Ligand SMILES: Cc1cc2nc3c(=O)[nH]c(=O)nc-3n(C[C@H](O)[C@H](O)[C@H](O)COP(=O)(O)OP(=O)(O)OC[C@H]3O[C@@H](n4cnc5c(N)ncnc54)[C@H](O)[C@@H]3O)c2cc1C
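Take a look at this one chain, the form predicted on its own, written out in structure tokens.
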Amino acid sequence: MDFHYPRSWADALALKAEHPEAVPIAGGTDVMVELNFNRRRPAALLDISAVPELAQWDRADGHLRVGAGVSYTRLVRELGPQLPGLAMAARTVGSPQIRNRGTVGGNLGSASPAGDAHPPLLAGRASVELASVRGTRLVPLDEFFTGPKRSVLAADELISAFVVRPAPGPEQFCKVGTRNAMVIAVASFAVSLDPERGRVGTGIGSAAPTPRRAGGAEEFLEAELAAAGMWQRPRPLPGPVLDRFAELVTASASPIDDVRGTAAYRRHALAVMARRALSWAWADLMRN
């Protein structure tokens, strides 16, 4: 196995173009598991952990651009107030040691349906920045995933960052597993409320071939809140609205039976999480 260790972003892109088969590795929290269990034997590894550009984040044009090498620990510490839903998800990722090494960029690169960062990023309508020697492109996250552990990432491309607006209102993230952290989600859900624009964002994890939004649930809730004038004058959500939102979230999923849970259990869990997450987020909105 060949090993490449670029020290700059330009060198990393040049090496990826020259060796498209090379698997990127930064924190190694996904790749090393596959190597240790002999599930994957790539011809080469491209260690991008020393590329300084990937460990930076900044704010421009009302958006946050967060480098693919920013760890979960730094995300919680430095960006938690601006991205509360993503920070909630980050706190459930593995142990402190894993959070110190693991990155959202790596989570996106693995493209797992169960990735913890995916639902809050979908709810926040984030985009993924992909780069190669040919140039840079920005892909909306709900167009990035193409199948289980598959994405639109080309062979010569690397994930450079994700781009997302700071939370415009309350956000919530829920995850069901055998425990709250250090476990792969049986199902997960995120919601984001934007009272200024009258928009609702959702994200579903581990309950379909890819992470996905619940578009029908978003449209339903946006219409209900607008018709009742509740964005301007928040008051408790009626039970039937909560129930219908949960039903539409569940209808957007297409779970399977596997060793972590049955499809029926995932549907039930999603309905419960959707109702709870929306209730919590709406309560935050009423308090503010």
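The first residue of the shown sequence is 1; numbering continues from there. Only a predicted model underlies this, so the values are computations on that prediction, with no experimental measurement involved.
The form predicted together with the named molecule exists for this protein as well; it is not shown, and the discussion that follows is about that form.
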| query | Is every one of Ser192, Ala214 and Ala274 in contact with the named molecule in the predicted complex, taking contact as a heavy atom within 4.5 Å? | reply | no
| note | Checked Leu141, Val93, Val200, Ala187 for heavy atoms within 4.5 Å of the named molecule in the predicted complex; positive is Val93
| remark: Picking from Pro84, Gly169, Gly109, Gly177, the single residue whose non-hydrogen atoms come within 4.5 angstroms of the named molecule in the predicted complex is Gly109
| Out of 64 to 72, 242 to 250, 255 to 263, 224 to 232, where are the residues with a heavy atom within 4.5 Å of the named molecule in the predicted complex? | 64 to 72
| query | Hey, in the predicted complex, does Leu15 get a heavy atom within 4.5 angstroms of the named molecule? | reply | no
| Would Val33 count as a contact of the named molecule in the predicted complex, using a 4.5 angstroms cut-off between non-hydrogen atoms? | yes
| field | the named molecule contact at Pro236 in the predicted complex, heavy atom, 4.5 Å | value | no
| task | Considering only heavy atoms, tell me if Arg40 and the named molecule come within 4.5 Å of each other in the predicted complex. | result | yes
| Quick one: which residues from 95 to 124 get a non-hydrogen atom within 4.5 Å of the named molecule in the predicted complex? | Ile98, Arg101, Gly102, Thr103, Gly105, Gly106, Asn107, Gly109, Ser110, Ala114, Gly115, Asp116
